[in-house]
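One chain is shown next in structure tokens, namely the form predicted on its own.
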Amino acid sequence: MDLFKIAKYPFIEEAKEWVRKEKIDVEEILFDGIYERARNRGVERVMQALYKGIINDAILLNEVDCMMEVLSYPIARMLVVAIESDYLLRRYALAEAKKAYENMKRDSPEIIIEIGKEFGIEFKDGCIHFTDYLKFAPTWDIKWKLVNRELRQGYVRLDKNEIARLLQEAIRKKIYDELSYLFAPQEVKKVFKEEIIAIRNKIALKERKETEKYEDINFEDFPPCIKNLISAIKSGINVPHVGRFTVVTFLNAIGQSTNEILKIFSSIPDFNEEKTLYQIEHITGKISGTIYSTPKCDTIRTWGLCYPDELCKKIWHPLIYYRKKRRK
């Protein structure tokens, strides 16, 4: 069993098998002084997920380093569950997945293929079946839309980094789904009482800021393209991806909260709250660190989503329309 590999990818089945083989129980991990380093690293994983959005690699020089790294993963998971915050759960799952992505980019193709098998994904000469592609590809990004990929006999060709990126989404979903149904032992809340209080306070502060509006938002001040898109979404019409993307970026730019944006999309035929929330938070930078900009009028026109009025004739960007309308 390769300890260095499972230390880098502690979510794989091989890591679970190693822990079972070592017969290390929860009580030992939480209270035994031998594992203090693993406990500290577990807290660090959660803190880095919350503050940085990605978990840094630990220095792995020997088997002891690897042991502590492997054991820090279940500790971090128990801590996240004990805090009882879906925001942290989503952010932690993504942070672990991003860490794995950075490692996969540096690792051999053989390692990536092994990890793919964890999710039932078979790679064939650098290609993946389109059903697996659609299941895990980040299709909110236009370049990942299936129509923009090379498709032959049902297989999509990807380079090594693209395969790693696709697996990042599979890892994120696996961790999120697992943690959603777990309960933390009471001992965890005792051992990490101070850390849990501090993290909960930090999350509460972030959520309060999220709900604050930067200004009064009035639908009548929206440019006609945004009005039409929102009306279509609320009517249950299946708006294309680029239309949804435009709405999210616009509403985020004018200060609309994540929850308010999510409510707008609740009427769409294929609404999935978890997936939609994840995409909104990715586009708005809440979990990705990258805030996507609202498309310009030329781009919206190219997509066939432009419905100009008189004011639009002097406007080149939806946000400028909104600001001019607000001033009037």
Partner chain sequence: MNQKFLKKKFYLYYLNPKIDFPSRYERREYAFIHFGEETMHRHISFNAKEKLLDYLKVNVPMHSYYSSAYYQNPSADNMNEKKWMGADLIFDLDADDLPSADKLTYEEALEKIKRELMKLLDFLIEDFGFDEKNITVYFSGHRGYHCHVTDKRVLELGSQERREIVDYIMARGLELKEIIKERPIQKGKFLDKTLEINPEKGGWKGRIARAIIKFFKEIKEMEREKALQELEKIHGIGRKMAEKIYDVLHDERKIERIEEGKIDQATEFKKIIKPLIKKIAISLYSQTDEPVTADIKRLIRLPGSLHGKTGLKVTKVSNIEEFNPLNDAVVFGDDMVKIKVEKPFKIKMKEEKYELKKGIVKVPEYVAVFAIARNFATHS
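Positions refer to the first chain, counted from 1. Just so we're on the same page, rigid core means the largest C-alpha set that superposes within 1.5 Å between forms. Since this is a predicted model, take the numbers as computed values, not measurements.
Missing here is the form predicted together with the partner chain; even so, the following discussion is about that form.
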- request: Would you check, heavy atoms only and a 4.5 Å threshold, whether Val147 touches the partner chain in the predicted complex?
  value: yes
- request: May I ask you to state whether Trp303 is within 4.5 Å of the partner chain in the predicted complex, using heavy atom distances?
  value: yes
- request: Considering only heavy atoms, tell me if Ser231 and the partner chain come within 4.5 Å of each other in the predicted complex.
  value: no
- request: Check whether Glu178 has any heavy atom within 4.5 Å of a heavy atom of the partner chain in the predicted complex, and answer yes or no.
  value: no
- line: Heavy atom within 4.5 Å of the partner chain in the predicted complex, from candidates Gly255, Pro240, Pro109, Gly126, belongs to Pro240
message: Only one of Ile142, Leu182, Ile197, Ala204 gets a heavy atom within 4.5 Å of the partner chain in the predicted complex. Which one?
response: Ile142
message: The chain here is shown without the partner chain. Which stretch in 85-93, 151-159, 183-191, 101-109 comes within 4.5 angstroms of it in the predicted complex, by heavy atom distance?
response: 151-159
- prompt: Hey, which residues along 60-92 are within 4.5 angstroms of the partner chain in the predicted complex, non-hydrogen atoms only?
  reply: none
- request: Determine, after fitting the two forms on their core, whether Glu27 shows a C-alpha shift of 2 Å or more between the shown form and the other one.
  value: no
message: Aligning on the core only, does the CA of Asn40 end up 2 angstroms or more away between the shown form and the other one?
response: no
query: With both forms fit on the core, has Arg301 moved 2 Å or more by CA between the shown form and the other one?
result: yes
